[in-house]
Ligand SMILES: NC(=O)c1ccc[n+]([C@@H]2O[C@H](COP(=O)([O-])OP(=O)(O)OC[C@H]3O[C@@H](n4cnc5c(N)ncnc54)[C@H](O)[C@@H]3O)[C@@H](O)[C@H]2O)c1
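The data below hold one chain only, encoded as structure tokens and taken in the form predicted alone.
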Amino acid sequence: MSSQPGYLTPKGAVTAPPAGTTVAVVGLGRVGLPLALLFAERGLRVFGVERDARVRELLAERKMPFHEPGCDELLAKVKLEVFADVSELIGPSSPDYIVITVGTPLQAHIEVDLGQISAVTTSLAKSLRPGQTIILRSTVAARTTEFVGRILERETGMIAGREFSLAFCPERIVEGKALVELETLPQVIGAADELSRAKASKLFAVFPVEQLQTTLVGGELIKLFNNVTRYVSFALANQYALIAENFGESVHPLVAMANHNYPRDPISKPGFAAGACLRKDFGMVSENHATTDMLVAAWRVNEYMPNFLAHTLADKSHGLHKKTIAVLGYTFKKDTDDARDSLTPKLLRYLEREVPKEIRVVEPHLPDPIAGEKGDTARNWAIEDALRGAEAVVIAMNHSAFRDVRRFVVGPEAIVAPGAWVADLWNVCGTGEMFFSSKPGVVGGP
């Protein structure tokens, strides 16, 4: 195998590890748990490490802590041994591979929070034995895997690439397609030495995909480039929406016509761009630059959209004071139950500044009540109950459950208050208007 970065290993070219090979997945969240379940389904002996006691309890009962298609069926049939801390992985539970998938949030001042990775690595050092392979899979800033290696070398006296192996193998899946994409997307293998590269390649050979060989930093940047490119493209679409609105035009038909049978660079549709990946990853690239860059500008545009929707809706509604507002959607992504880093809480805070009578939140993918960011809760309304008599509506997410909302806000079946204004950033109602009135004939209305 060539050691040159960028080397492509065809699917099937590397022999997968034998059945019974032991692997620990540290962090059983939306990245780690689907991976652990597929590893187990492939015949590996899998240990999960999860500090959240509630998640451990659910898994012991064979219940998924979140929704991911296909995972319930896998959890029901595979064996997954779960621990609370990596320091427990000793003796018979000392795995050949340890895959780290813990969170890497962005702190308030465009600074990556390495707290979880640092804590896991320091704990791991207490039980690390020669011959083990450590694979970082969390989305991280450049040189974070080197940071992990330095902690392990300092705490154990062992050397990466000699006594133990170290690699960065990013996930590039999207929620809702985790199992499918683990078995179809090429796997990036980032390593600084041949031993680590070979060990990591062997583990991920359980999946029938191509492998792309690169350096540690190269692997880290590839994942960031994928996510940041999407984030910037959404920011550009949102900027177009703001420009069109300034000229009295609706962006949706303009984008549709611009893309129609045009073979180059289709324009994305506007919408809230956030979530546990996209919203923070620009910071991982921008953190080490003193000057304002395109990525920070994209962040500002995307973060401005809740402010824009709230204030424009207030203007068109002649104020929202003492009015009832329905907000449809709370999670950060279509048809998911993941509310991490959603922009809807920010939207709600801007709406609260208008001092309305009531805000009714609808989220079909979350239980009632909805748990807020700071320990608060909000009632989770049924769609029709929330819309009935509402004097303003914001469709904050394009969930499939909202596909029939149009009939409740315009036309003979409308149940909102007469003349209620609707903010529909995603064009869920298909009117082609970002803002429209439930009263036919109103400028900007359907």
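In this text, residue numbers run from 1 along the sequence as written. Values in this document were obtained by computation on a predicted structure and should not be read as measured data.
The protein also exists as the form predicted together with this ligand; that form is not presented, and the subsequent description refers to it.
- request: Decide whether residue 52 counts as a contact residue for this ligand in the model of the complex under a heavy atom distance cut-off of 4.5 Å.
  value: Although this ligand is absent here, residue 52 would touch it in the model of the complex, with heavy atoms inside 4.5 Å.
query: If you check in the model of the complex, is residue 216 within 4.5 Å of this ligand, heavy atoms only?
result: Residue 216: no, not in contact with this ligand in the model of the complex.
message: How about residue 175 - does it come within 4.5 Å of this ligand in the model of the complex, if we only consider non-hydrogen atoms?
response: Yes, contact at 4.5 Å.
task: Spell out, yes or no, whether the shortest heavy atom distance between residue 396 and this ligand in the model of the complex is within 4.5 Å.
output: Judged by the heavy-atom cut-off of 4.5 Å, residue 396 is well away from this ligand in the model of the complex.
- prompt: When you measure heavy atoms, are 102, 139 and 280 every one within 4.5 angstroms of this ligand in the model of the complex?
  reply: Affirmative, all three are within 4.5 Å.
field: The single option of 320, 75, 120, 160 touching this ligand in the model of the complex, heavy atom within 4.5 Å
entry: Only one option qualifies, and that one is 120.
- request: Taking 4.5 Å between heavy atoms as the contact cutoff, choose which of 268, 94, 226, 116 touches this ligand in the model of the complex.
  value: Residue within 4.5 Å of the partner: 116.
Location of this ligand contact in the model of the complex, chosen stretch of 377-385, 399-407, 414-422, 24-32 [non-hydrogen atom, 4.5 Å]: Looking at the other structure, the answer is 24-32.
field: Neighbours of this ligand in the model of the complex among 340-364 [non-hydrogen atom within 4.5 angstroms]
entry: The stretch 340-364, when checked against this ligand in the model of the complex, contributes only 340 at the 4.5 Å heavy-atom cut-off.
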